[in-house]
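We begin with a single chain expressed as structure tokens, specifically the form predicted on its own.
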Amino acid sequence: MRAEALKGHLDGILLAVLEPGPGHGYAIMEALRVRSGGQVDLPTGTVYPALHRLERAGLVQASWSEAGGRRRRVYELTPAGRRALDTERTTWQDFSAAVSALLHPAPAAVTSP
């Protein structure tokens, strides 16, 4: 799935991936792939700018950690990020229900003889 298909939903998806706990960029990208059954495989050029945008908005916070002699940034949800995720979920449920209703065939009209 291309990043363009996720426009408007990427922030919520990233917040959801971070809900279980902190993660570094490549772990977040792997979680996107695994949780989507391989359908969402986004490049670093899409994920990192989105994470930085979420950080500037106060929805995630980042800190440096070191593992195996390598430094990496670890991202985690803030309380505001958790609230934003709840809002994203509600918005998605409403949007998804409306689009599903439109995409499914309308029931045949009943006519009188």
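Keep in mind that this is a model prediction, so the values were computed, not measured. Residues carry their position along the shown sequence, with the first being 1.
Although not depicted, the form predicted in complex with the DNA is the subject of the following passage.
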{"property": "Proximity of Arg73 to the DNA in the predicted bound form, heavy atoms at 4.5 Å", "result": "yes"}
{"property": "Contact of Thr44 with the DNA in the predicted bound form (heavy atom, 4.5 Å)", "result": "yes"}
{"property": "4.5 Å heavy atom contact, Arg83 and the DNA in the predicted bound form", "result": "no"}
{"property": "Non-hydrogen atom contact Gly25 with the DNA in the predicted bound form at 4.5 angstroms", "result": "yes"}
{"property": "Stretch 49-75: residues contacting the DNA in the predicted bound form, 4.5 Å heavy atom cut-off", "result": "Pro49, His52, Arg53, Trp64, Gly68, Gly69, Arg70, Arg71, Arg72, Arg73, Tyr75"}
